[in-house]
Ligand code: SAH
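Okay, here we've got a single chain as structure tokens, the form predicted alone, with questions on binding and movement later.
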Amino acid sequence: MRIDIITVLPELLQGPFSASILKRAQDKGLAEVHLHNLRDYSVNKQKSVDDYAYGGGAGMVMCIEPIDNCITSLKAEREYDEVIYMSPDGEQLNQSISNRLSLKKNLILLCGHYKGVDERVRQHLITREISIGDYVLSGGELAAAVVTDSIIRLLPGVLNDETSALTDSFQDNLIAPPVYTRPAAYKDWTVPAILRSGDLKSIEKWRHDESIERTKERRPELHKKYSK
């Protein structure tokens, strides 16, 4: 899989992709993440990528020309399954979306800034808009990192135990069950006996039941989806 991220602040994204699971995925050749500085596609000597909004109002708007230039340049090299704009008013990211995107081959993520992008970008260049929550960040870089992480960890071979991702929270609209490790007893706090029993069938049933109860308690809206 290849993910191209268009940003005005590539330095914000260098850290998340140079460590841990995302770095290992790239080192193994399972994923590629490329950062593109939007200023390199500016049409003026100042390398500016924003301007005042028509009609007035506070804040600057990202211009259409450098964005179009960058996307056009990338598309000239390969086909893309999606061109995604990171926007607070996009569809909210969930595990189902990450699952589907992990099956794609090439993705472009556009990071917004300032008061957003010229609306014509959204109308003519973007195929999908994604939000990571009902709040506003200074830019789309952190959101792009979240989306990229949620996708790449699902690729076959990325995690040491490929079944791990299948038992994450929100798979099948359930929250993951509680987990424990050694020591079995710490102070007066003990690990449930069922988990130390060695009875794998009973353990799986316990975990499934705990997932249902935890989802019902903490995320009732998800429990309703599961119950349908």
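When you see a residue number, it is the position in the sequence shown, counting from 1. All values derive from a computational prediction rather than experimental measurement.
Below: the form predicted in complex with the ligand, not depicted.
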Report summary line: Checking S131, N106, Q95, S102 against the ligand in the predicted complex, the residue with a non-hydrogen atom inside 4.5 angstroms turns out to be S131
Requested in this report: Indicate whether T127 is a 4.5 Å heavy atom neighbour of the ligand in the predicted complex.
Outcome: no
Query raised in the report: Could you tell me if H113 has a non-hydrogen atom within 4.5 Å of the ligand in the predicted complex?
Result: yes
Report task. Spell out, yes or no, whether the shortest heavy atom distance between S138 and the ligand in the predicted complex is within 4.5 Å. Result -> yes
Report task. Answer with yes or no whether V158 is in contact with the ligand in the predicted complex, where contact means some heavy atom within 4.5 Å. Result -> no
Query - Non-hydrogen atom within 4.5 Å of the ligand in the predicted complex for each of L174, P220 and Y226 - result: no
Query raised in the report: Can you name the residues of 84-110 that have a heavy atom within 4.5 Å of the ligand in the predicted complex?
Result: Y85, M86, S87, P88
